[in-house]
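One chain comes next, on its own, written out as structure tokens in the form predicted on its own.
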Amino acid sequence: MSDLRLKGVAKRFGEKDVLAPMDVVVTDGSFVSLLGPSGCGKTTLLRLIAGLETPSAGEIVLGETVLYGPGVNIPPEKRRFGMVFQSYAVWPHMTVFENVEYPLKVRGMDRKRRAQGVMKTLDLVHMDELAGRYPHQLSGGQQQRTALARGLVMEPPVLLLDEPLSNLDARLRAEMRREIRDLHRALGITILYVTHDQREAFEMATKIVIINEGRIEQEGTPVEIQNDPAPGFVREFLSHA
């Protein structure tokens, strides 16, 4: 079991505490959503897990491997997480195929295995017929599918998604919610998903962690939180759905 465990993870920027020490467990194969308003610290937490930011305290452990802790700070590329950003971040000078292939090239995989892996993953996200197109020839939804395929192609231990649907219109958001949920069920992959959108979190996640001002306010299954929201911030936040 490769559970992802955060133990007392905190972050300060200068004199400001952005994240209070927090413990989070993302069990192997689960879909965990970090839910909260803009500026609450959820993206910072995701970046700490990815290795794009350095914690001020605490430990980050995947399975038996310490990713961050006393004397240890494994760089992002060696953590092997897949990551999908809000802005898609697909390279405009590369085709869909080349964008998805890039992580495999960096790992030194041979050309035949790269091609097989890319086309298998593009088929999963319904982009195999557009493999030769460039990003400017794609819709926003197609660009996001390309970014999703690039995050999946390495078969990462955890897929990290940071507000991946916020730039899409309502119809495409609904479509992508279904597709991401179906991919999670079909592949059994572990997903950690940042969003401020309650509908996204409650429709897709198996566990929700609600964050406000750098602190965990409540965590539990969607049903548990809906049936018994914590008093104060959580009840107020959910009432504005």
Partner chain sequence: MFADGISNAAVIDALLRSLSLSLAVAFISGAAGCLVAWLVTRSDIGGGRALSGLFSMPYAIPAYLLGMAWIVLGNPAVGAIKEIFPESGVYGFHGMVLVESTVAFAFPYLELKAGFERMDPSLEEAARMSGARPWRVFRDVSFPLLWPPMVNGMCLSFLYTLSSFGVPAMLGMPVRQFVLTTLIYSQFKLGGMAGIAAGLRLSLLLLFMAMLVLVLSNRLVALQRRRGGAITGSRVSRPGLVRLGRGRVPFTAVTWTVFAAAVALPWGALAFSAMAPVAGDYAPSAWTMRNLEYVLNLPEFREALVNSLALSISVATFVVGAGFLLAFAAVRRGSRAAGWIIEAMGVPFSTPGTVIAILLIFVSTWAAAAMGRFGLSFDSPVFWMGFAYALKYSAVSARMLAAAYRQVHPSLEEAAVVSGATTFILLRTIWFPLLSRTVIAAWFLTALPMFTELTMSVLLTGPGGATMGTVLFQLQEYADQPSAAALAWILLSAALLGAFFMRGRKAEEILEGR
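Residue numbers count along the first chain shown, from 1. Given the structure is predicted, the values throughout are model-derived calculations rather than measurements.
Below, we refer to the form predicted in complex with the partner chain, which is not included among the displayed structures.
S.K.: Check Leu62, His184 and Lys207: does every one of them have a heavy atom within 4.5 Å of the partner chain in the predicted complex?
M.R.: Spot residues vs the partner chain: no contact at all.
S.K.: Looking at Arg171, Lys112, Lys120, His93, which is the one with a non-hydrogen atom within 4.5 Å of the partner chain in the predicted complex?
M.R.: If I apply the 4.5 Å criterion carefully, the residue I get is His93.
S.K.: Tell me the stretch among 172-180, 26-34, 208-216, 51-59 that has any heavy atom within 4.5 angstroms of the partner chain in the predicted complex.
M.R.: That would be 51-59.
S.K.: Quick one: does Pro164 come within 4.5 Å of the partner chain in the predicted complex, counting heavy atoms only?
M.R.: Flag for Pro164 set to no.
S.K.: Residue-level contact is defined here as any heavy atom of the residue lying within 4.5 Å of the partner chain in the predicted complex; does Glu77 satisfy this criterion?
M.R.: Result yes; Glu77 sits at the interface with the partner chain in the predicted complex.
S.K.: Classify Arg47 as contacting or not contacting the partner chain in the predicted complex by the rule of any non-hydrogen atom within 4.5 angstroms, answering yes or no.
M.R.: Arg47 belongs to the contact set for the partner chain.
S.K.: Since only the chain is shown here, I'm wondering whether His126 would be in contact with the partner chain in the predicted complex (any heavy atom pair within 4.5 Å).
M.R.: No, His126 stays farther than 4.5 Å from the partner chain in the predicted complex.
S.K.: Going through 3-27 from first to last, which residues have a non-hydrogen atom within 4.5 Å of the partner chain in the predicted complex?
M.R.: Contacts from 3-27: just Phe13.
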